[in-house]
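One chain comes next, on its own, written out as structure tokens in the form predicted alone.
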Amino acid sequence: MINKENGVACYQQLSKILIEQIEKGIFKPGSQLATEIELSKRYRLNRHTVRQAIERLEDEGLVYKIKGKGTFVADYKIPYKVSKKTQFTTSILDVGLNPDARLIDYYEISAGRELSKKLNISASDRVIVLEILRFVNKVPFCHTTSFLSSKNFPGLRNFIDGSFSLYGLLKKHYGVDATRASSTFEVSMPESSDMDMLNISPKVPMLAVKSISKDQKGGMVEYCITKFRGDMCSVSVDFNGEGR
């Protein structure tokens, strides 16, 4: 129990207790942690103190929060390999988990200066923008914003339905075999839109991967920005192999 007279902050004592329970398997990976109300009653603490203890566990990557559902014990980091032929669906299936993808938004914009350089098109050309939310075992895992030339992929919206692989659609309907040409990585803290999209707290770091893909003839296919949840993924890079 909590000793309020030993000079150790109550939230620190509670966090230690919870860590021990996780290590002993009382709370198993993927299971829901007791709620703040339950922990408050069990240890006779106010909810603010309980919240501090849970935030400490979250900072250490031992738990993660899903908005509207509660706090869950972190599973192992999901391995995700970025390679020339990376496809989200295949990569997640390869580690024995269930992938899913949902189209959040689809619209077109003018390329402008920056996108025209990345896609090798004119600034006045139209660009398709895809907002895709991807899931692993029904939990939001990453959010991708893809930019593609409208003239190269006319009618793309008609082919997107339910769970889908973008590169699979491009190959099937346009004969384009997309290959990742380059990627850059940046770490940042989430913005409010990221927190809403991925159901995470302000303390969960994001890994942003900005990539350019080309077709089998060397032409530009896609520029995309993927934001991964830092508490769920372990990203490795392999541009020498053809890992999927």
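None of the values given here were measured: they were computed from a predicted structure. We number the residues from 1 along the sequence you see.
Separately, the form predicted together with another copy of the chain exists; it is not shown, and the next lines address it.
Contact check for E58: a non-hydrogen atom falls within 4.5 Å of another copy of the chain in the predicted complex. Under a 4.5 angstroms non-hydrogen atom cutoff, another copy of the chain in the predicted complex lacks L39 among its neighbouring residues. Another copy of the chain in the predicted complex comes within 4.5 Å of a heavy atom belonging to S183. Looking at I19, you'd find every heavy atom of it more than 4.5 angstroms from another copy of the chain in the predicted complex. Listed stretches are 192-200, 205-213, 29-37, 44-52; the contact stretch with another copy of the chain in the predicted complex is 205-213, by a heavy atom cutoff of 4.5 Å. Contact with another copy of the chain in the predicted complex, defined as a heavy atom within 4.5 Å, holds for exactly one of H173, R157, K117, R126, namely K117.
Distance criterion of 4.5 Å from any heavy atom to another copy of the chain in the predicted complex singles out V82 from the list V82, V95, L133, L169.
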